[in-house]
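Before any questions on binding or motion, here is one chain by itself as structure tokens, the form predicted on its own.
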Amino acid sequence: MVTQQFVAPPARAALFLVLTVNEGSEEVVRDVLADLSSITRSVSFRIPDDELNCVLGIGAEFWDRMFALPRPKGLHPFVPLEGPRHSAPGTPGDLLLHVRAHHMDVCFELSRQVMNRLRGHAVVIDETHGFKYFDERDLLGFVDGTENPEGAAAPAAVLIDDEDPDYAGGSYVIVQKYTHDLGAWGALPIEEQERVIGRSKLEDVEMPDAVKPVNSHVHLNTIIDADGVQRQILRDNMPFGELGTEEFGTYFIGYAADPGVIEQMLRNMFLGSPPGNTDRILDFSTARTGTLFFTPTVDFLDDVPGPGPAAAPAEVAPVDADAPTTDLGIGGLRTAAAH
């Protein structure tokens, strides 16, 4: 079993493409998926030192169009969240291409080769070009991804195992495009910015629990399971920006063996934990997109299963903004206790 390269060192450049596929173009896509490894090798061979890597994800509704196989257990449409002050929209997406390397030219070339094959068959819903910003910082000036798992903990957090053996070695990924109000953010004193995030800005040191605000980004994104163990995800976020349009932001991309871990983080942020105690970073960052994908193994893509009657789509319960946010459906998690 060969997994896609979810776990990789931080890249200097990344290109994110979210696509919808035209009705009747499923077989064209099937051929492209089967050739994706070959296309990646062809581009990478020309500049091997760039460590080109492409991860492909498949959305829930498109899975039903493509395969007779039942959906992976955690695959469903992204559940939009409507909180008391902030919202996380769900947006369309049949395919995700997460392309990363040391330089943008190889990311662009691989993406171009794939899109040449999909011309007339797929529509680009969102295209974001990300770049490394100094020492892994976002445009808010804070280091991003400090708490990513390392060593053996990384694949344990990312790869599906015995909980869904038919799809072992795969993963789930949620993407959201956030835009920042850098003017309002820059008007905050650094000490107040640190309280919003829950870390020091220069040294990137997490605040002690005794002083960390309960509405800080770090506090609300700390997920503890019933056994008191912190559940982790793998973030590969990248900054993006356009000076002419003054659109600046962070492309959030999180991989996890259980998408419920990320979904709980988002409920904490947008609905609040306890309800109403929402993430203060959302006063400066607005979610523009939201999509959930399953990322299968390389073996699955190289030998793509054939078509057949679609499996019945899984039902997703609506989210009530007034409901408690401490229960997590898939993994039975709870949020960290307030300090």
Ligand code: HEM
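Residues carry their position along the shown sequence, with the first being 1. Note that the coordinates shown come from a computational prediction; the quantities given were computed from them, not determined experimentally.
The form predicted in complex with protoporphyrin IX containing FE (HEM) is left out here; the points below concern that form.
Interface residue among Asp126, Asp144, Glu109, Glu194, judged by heavy atoms within 4.5 Å of protoporphyrin IX containing FE (HEM) in the predicted bound form: Asp144. Proximity to protoporphyrin IX containing FE (HEM) in the predicted bound form, taken as a non-hydrogen atom within 4.5 angstroms, holds for one residue of Val158, Leu140, Val114, Leu81, which is Leu140. Three-residue candidate spot His180, His217 and Leu266; every residue lies within 4.5 angstroms of protoporphyrin IX containing FE (HEM) in the predicted bound form by at least one non-hydrogen atom. Comment: 235-243 is the region of 158-166, 235-243, 93-101, 69-77 lying near protoporphyrin IX containing FE (HEM) in the predicted bound form, near meaning a non-hydrogen atom within 4.5 Å. At least one heavy atom of Ser285 is located within 4.5 Å of protoporphyrin IX containing FE (HEM) in the predicted bound form. Though the partner is left out of this view, Ala122 does not reach within 4.5 Å of protoporphyrin IX containing FE (HEM) in the predicted bound form, counting heavy atoms only. Under a 4.5 angstroms non-hydrogen atom cutoff, protoporphyrin IX containing FE (HEM) in the predicted bound form lacks Val29 among its neighbouring residues. Cys54 falls outside the set of residues with a heavy atom inside 4.5 Å of protoporphyrin IX containing FE (HEM) in the predicted bound form. Counting a residue when any of its non-hydrogen atoms is within 4.5 Å of protoporphyrin IX containing FE (HEM) in the predicted bound form, the hits in 239-257 run Thr250, Phe252.
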